[in-house]
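So this first bit is one chain, no partners, the form predicted alone, shown in structure tokens.
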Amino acid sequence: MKINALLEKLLSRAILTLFLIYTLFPMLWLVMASLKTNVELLGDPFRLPAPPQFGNYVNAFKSAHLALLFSNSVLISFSATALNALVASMAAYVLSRYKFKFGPVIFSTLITGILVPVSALMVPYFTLIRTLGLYDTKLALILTYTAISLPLSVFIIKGFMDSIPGELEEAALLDGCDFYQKFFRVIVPISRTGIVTAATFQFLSSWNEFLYAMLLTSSEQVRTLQMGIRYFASQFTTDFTSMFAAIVISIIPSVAMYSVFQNQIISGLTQGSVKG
């Protein structure tokens, strides 16, 4: 039995090690490639840079105006995340705690949006944004990103709110809380883990989004960081190392966000799956 347990432990660790290498190797290679010259990269892609070319990062910021695009991405992503979390938590609360005639139908219809490919909504969103006069504005991206991720956010937060005992709301009512006080002072703090989980997914989705940033904007003043990466590739030449440096810069906020909230994400996904 001890030998079997030892073999099972070794096998599990070997599999985890392989997954770790499979996950980290592309990231490490990307960082290494971003510190080379184009000649070194094309000559031997897996050789260590000698010496490291940190100037690639400076060139990336200067050539593609990444500082402006980075600030646009921060503003748009955080705004869309905050708006999405607010709207989704309100919708999830009503669908979770109040029973009305078409509630299940509305919820089922809403979450089917998770299954709809983002590319299938390009024409409706473009038409709507142009009709509202919001084309080539940051608000267009904020509203679009908020709407696209609402089905997933509502699904996550509602699953978490379903597990909150109704007695807490009854106690709040006895203490004189109205609807809004009950929601913001009781439900939201208890549902914080689920809301943070949905908000993190929303931020990652908004930060890494490219398709709608290209579709709904035309000027550099409102475009996001992901659009700046295109600058380094043209029809006849590609500055690979500066492009890889820009990609590394664009990845850092996503990795940082997930690293900070990973415990709450895992907790929110697991707790939201259990009622009672």
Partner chain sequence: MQRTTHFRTGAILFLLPALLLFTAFFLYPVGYVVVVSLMKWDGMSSPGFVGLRNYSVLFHDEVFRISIRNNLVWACAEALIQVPLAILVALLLARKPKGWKLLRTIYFFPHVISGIAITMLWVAIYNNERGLLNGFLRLIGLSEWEHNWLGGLSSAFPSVLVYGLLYIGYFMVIILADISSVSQSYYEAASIDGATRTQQDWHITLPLIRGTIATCVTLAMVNGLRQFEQVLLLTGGGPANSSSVLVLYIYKELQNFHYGTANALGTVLIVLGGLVILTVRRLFNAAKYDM
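The term rigid core refers to the maximal set of C-alpha atoms that superpose within 1.5 Å between the two forms. None of the values given here were measured: they were computed from a predicted structure. Residue numbers count along the first chain shown, from 1.
The same protein has a further form, the form predicted in complex with the partner chain, not shown here; the description that follows concerns it.
- Distance criterion of 4.5 Å from any heavy atom to the partner chain in the predicted complex singles out 42 from the list 67, 58, 42, 50.
- Residue contact check for residue 195: none of its heavy atoms lie within 4.5 Å of the partner chain in the predicted complex.
- In the predicted complex, the partner chain lies within 4.5 Å of some heavy atom of residue 254.
- In the predicted complex, the partner chain stays beyond 4.5 Å of every heavy atom belonging to residue 260.
- For residue 178, a non-hydrogen atom is located within 4.5 Å of the partner chain in the predicted complex, even though that partner is not displayed.
- Residues 106, 109, 110, 113, 114, 115, 116, 117, 118, 119, 120, 121, 122, 123, 124, 125, 126 of 106-126 are found to place at least one heavy atom within 4.5 Å of the partner chain in the predicted complex.
- In the core-superposed comparison between the shown form and the other one, the C-alpha atom of residue 67 has shifted by less than 2 angstroms.
- With the core held fixed between the shown form and the other one, residue 252 has its Cα displaced by under 2 Å.
- Comparing the forms between the shown form and the other one on their rigid core, the Cα displacement of residue 39 reaches 2 Å or more.
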